[in-house]
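As structure tokens, the next two blocks hold two forms of the same chain, structure 1 and structure 2.
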Structure 1
Amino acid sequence: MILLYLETDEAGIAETSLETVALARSLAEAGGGIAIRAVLFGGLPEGVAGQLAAHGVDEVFHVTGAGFEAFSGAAWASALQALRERTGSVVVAAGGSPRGNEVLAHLAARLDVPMAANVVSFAGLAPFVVTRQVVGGAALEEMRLDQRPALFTVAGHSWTARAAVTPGKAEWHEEAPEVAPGDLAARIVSVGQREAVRPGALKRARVVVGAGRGAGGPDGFDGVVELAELLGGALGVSRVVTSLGWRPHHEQVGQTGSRISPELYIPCGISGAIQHWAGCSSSKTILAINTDPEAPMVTKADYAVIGDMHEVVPAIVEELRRRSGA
């Protein structure tokens, strides 16, 4: 049996969680029709039961009550641990999101078993071998998970969320487990409102215009900001740019910044180091603007313009305005 910790957002089950269900279905089929059980926490948007059934989930445990009002990795893991025991699940998985990794790490520590972060596929069932991303996705690691339960998280965008051919029953259980006081020693005391421009906006943007060292300095971003505005998109920058203090960190795309997956990403003056590629490789289409035709970002892109961003970007802005008749 496979037990999944799933996250929700305003729209329903989070995308990374649905991707995790897709991997779990593949694993369940390979194992000869293993049941998939999901654990959800706290307040839920409407329609999640139907969504989970459509994605092939057999049973759902909805955890609420004292100790589950605000997120706590330890409390969440304590509930997962109890449900794991009760259901005899041999695999526990979650999306490779900050919370998915955090909760599974708590569970791994509590059970004293290994945990594989950011798994992209499983290479075999006996022994159970998973392949996971390391070095920001620039390399892969094959890792054996011999102990049970086997714990892992699923790397974002490594699977595609899609409805199951045979829907599940999504049989619903309400749960209100007790939480030990020690598991609430570290706790959230307040949650502030999101500001208008935050990483969430960058992660959700359909178009992201990127800028790197080629911007030349803190005053070199007017063109890319204007282009992003004209396309209704967001600005994303490389780590060099935030390290030099040219732009704020929340605009950073990369291994230690936001991971984006827009319809179109336009990196300007970004060479495409591993650190940056880790954050933008899931973009549907990449149009690189760079003076160096050999830069990794150019060779990995779908389209490229070879030239200085300070000449190319204003010309694109002008062409956009001309065609809009402005």
Structure 2
Amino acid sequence: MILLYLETDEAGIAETSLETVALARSLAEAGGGIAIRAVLFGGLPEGVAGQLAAHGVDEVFHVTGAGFEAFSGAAWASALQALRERTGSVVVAAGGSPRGNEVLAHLAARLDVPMAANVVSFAGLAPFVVTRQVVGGAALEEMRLDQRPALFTVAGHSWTARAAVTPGKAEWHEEAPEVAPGDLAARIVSVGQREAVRPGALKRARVVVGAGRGAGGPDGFDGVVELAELLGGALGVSRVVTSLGWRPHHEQVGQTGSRISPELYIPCGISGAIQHWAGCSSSKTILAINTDPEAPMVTKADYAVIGDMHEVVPAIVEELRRRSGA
């Protein structure tokens, strides 16, 4: 049996979690129709039961209680461990998000078994061999998971979330397990307000305009924002931009941000460090704008404009407006 830790967002089950369900369905079919069980924590948006049933989940455990309303990697792993033992699941998986990796790492430490992070595929069941992304997605590694339960997280966008041909039943169970005080030593205690965000907007965008250190500061994004709007796209930024507090984290593209696959990606003033490349390498076409002709992003791009983004981007915007008559 397969047990999945799934996450939710404002729209329902998170995209990375539905991608994890897709891999689990393939794994279940290879195992002759193994049941798929899911674990959800805390408050839930409407419609998740029907969503999970449509994607082939057979059973759902909804964990609630004082220790589970806010995220705690150790506490949530404790509940996952108890459910794993109760269901006899031989595979436990999660999406390769920061929370998914943290919860599965806690669980691996508790069970003293290895964990494979950022898995993209599997080959056979005996032995159970998975292929996973390493070095920020620049290389692939095969890893053999002989011990049970087999633990792994699924790399974002390595699988496509699709409804099942034969929907599951999504039988529902409410759970309220006890929490050891020590498991709550590290937990979220408050959440600040942030600007309204369309769930998954960056990941779904057909055009993404990127900006990096070359923006120069928090006031250097007007041009790229305008360009993104003219192209009907979204703005994505590098890690250094969010680390400096110039733009919010939900706009970050890269290994620790969103992984995108637009028709067109226009990185402006982004050097192209391997962590950023891990998030944008699936782009169909890349047009880089940079002052450095030897920057990794420029050398990997399909097209490049060598110049200052604060000169090139306004020129592109002006030409687009001229052609549209705006």
Partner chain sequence: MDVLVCVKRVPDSSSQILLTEDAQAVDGRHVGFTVSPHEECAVELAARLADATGGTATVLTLGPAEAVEQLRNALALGCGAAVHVEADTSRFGPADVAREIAAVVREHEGAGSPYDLVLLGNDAADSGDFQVGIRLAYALGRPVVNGAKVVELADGVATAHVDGPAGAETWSAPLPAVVTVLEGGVEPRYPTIKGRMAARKVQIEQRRPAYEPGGSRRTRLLLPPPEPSTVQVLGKGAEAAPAVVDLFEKLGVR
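Each residue is numbered by where it sits in the sequence of structure 1, with counting from 1. Computed from a prediction, not measured in an experiment: that's the story for all the values here. So that the term is clear: the rigid core is the largest set of C-alpha atoms that superpose within 1.5 Å between two forms.
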Inset, instruction - Would you indicate whether the form predicted in complex with its partner chain is structure 1 or structure 2? - result: 1
Inset, instruction - State yes or no: after fitting on the rigid core, is the Cα displacement of residue 293 between structures 1 and 2 at least 2 Å? - result: yes
Legend entry - Rigid core fit then residue 21 CA moved by 2 Å or more between structures 1 and 2: no
Inset, instruction - Answer yes if the CA of residue 75 moves 2 Å or more between structures 1 and 2 after aligning the rigid core, and no otherwise. - result: no
Inset, instruction - Can you read me the CA shift for residue 226 between structures 1 and 2, rigid core superposed, in Å? - result: 4.0
Legend entry - Rigid core fit between structures 1 and 2: Cα deviation of residue 217 in angstrom: 10.1
Inset, instruction - Any chance you could measure the C-alpha shift of residue 274 between structures 1 and 2 with the core superposed, in Å? - result: 3.2
